[in-house]
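Coming up is one lone chain in structure tokens, specifically the form predicted alone.
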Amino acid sequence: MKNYTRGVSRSTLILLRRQLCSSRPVFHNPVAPKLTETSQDELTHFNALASTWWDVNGPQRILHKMNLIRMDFIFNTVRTHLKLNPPGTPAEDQVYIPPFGLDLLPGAIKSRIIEDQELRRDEILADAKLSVLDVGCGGGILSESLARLNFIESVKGIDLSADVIEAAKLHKSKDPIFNGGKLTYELTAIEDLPTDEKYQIVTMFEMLEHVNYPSKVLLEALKRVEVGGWLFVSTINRDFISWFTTIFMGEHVLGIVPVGTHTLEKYINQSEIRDWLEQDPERKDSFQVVDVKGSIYLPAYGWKFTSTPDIGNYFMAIQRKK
């Protein structure tokens, strides 16, 4: 077996073991100037990447590839959990939802029920006008994709890097579809947004692993989700596999991610977010984790979902119940 740790200093490996074995409290609550603030080194790092953010073959090519499954995760989650018969729907207009598994029905009947349900989902989405807040939007890769969906009414992308916000605005200006104000960008922190500003969808993708106070950022995000709305998160579990794939291989061996993009001790296990939601009775009563999917990057294929959300990268969907 090839030894991928050859060339890595002994002190680096010792430090890695200490980081992996530490019981660092990931969710803590110290006071910070900006909750979404990252270190000056990381901010400088992302500012330097601004000019190449939209180069699909450049330093951000992994994000461009990941955006495909980002969109799949958001779209499939929202579509699957639509209320097909919302309160007030006349009986004659209601779609049949059997109180048992469809597999118990004859094939032809099952197919007809599924077809009717899918048509109702199409009708609901055609009339939907959802608002989106993209926190840590970077150069706008996800923001632009969401703004192109016909059931999205508005998208606001926010970030603390002035250079990447300018890159996002510049790229947006090249497409006349955004001239009507459907997509906007602001150089601001989430805690500086009005507290009564609510959204049906809030996204924080590849962002939590770069901030100093993730629990505070999550709290601010949850405050801005409307009842019935969604918070979508993606980040990285803190384990050896994650270090090996994202930092050692991704940054130092394959060079598919710029060196300095990731810091192991800032990674957050998906179980820690679940536990954090459960710790507070009010959060537990108001929010629920609906879905979590692992994801992995295969150089010859791209990004794909996995059935192991406890290893490597993962996506999480949190819905506000009330």
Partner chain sequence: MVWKNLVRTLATAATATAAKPASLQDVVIIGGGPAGLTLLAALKSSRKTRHLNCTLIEGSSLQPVREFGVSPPEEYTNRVVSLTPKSVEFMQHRVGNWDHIKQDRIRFYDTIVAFDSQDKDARIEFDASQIGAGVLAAMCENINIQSSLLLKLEQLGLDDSTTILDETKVVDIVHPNPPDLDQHDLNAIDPNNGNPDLDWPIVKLSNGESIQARLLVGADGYNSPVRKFSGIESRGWQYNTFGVVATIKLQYEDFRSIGWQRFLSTGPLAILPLSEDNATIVWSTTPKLSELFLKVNSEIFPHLVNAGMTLDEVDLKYIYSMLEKDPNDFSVLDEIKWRMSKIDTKDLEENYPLPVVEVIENSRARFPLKLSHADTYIAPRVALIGDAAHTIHPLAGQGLNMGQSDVGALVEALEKGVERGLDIGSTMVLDSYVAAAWPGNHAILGICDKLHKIFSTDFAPMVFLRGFGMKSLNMVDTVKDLMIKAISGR
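Numbering follows the first chain given and starts at 1. Since this is a predicted model, take the numbers as computed values, not measurements.
This next part talks about the form predicted together with its partner chain, which is not shown.
The stretch among 140 to 148, 85 to 93, 205 to 213, 159 to 167 whose residues place heavy atoms within 4.5 Å of its partner chain in the predicted bound form is 140 to 148. Taking E186, E191, E153, D72 one by one, only a single residue has any non-hydrogen atom within 4.5 Å of its partner chain in the predicted bound form, and it is D72. Only one of the listed residues (D103, D127, E115, E197) places a non-hydrogen atom within 4.5 angstroms of its partner chain in the predicted bound form, and that residue is E115. Proximity of L68 to its partner chain in the predicted bound form: non-hydrogen atoms within 4.5 Å are present.
In the predicted bound form, its partner chain lies within 4.5 Å of some heavy atom of L119. By the criterion of a heavy atom within 4.5 Å, P176 is counted among the residues contacting its partner chain in the predicted bound form. Contact between V259 and its partner chain in the predicted bound form is not found at the 4.5 Å heavy atom cutoff.
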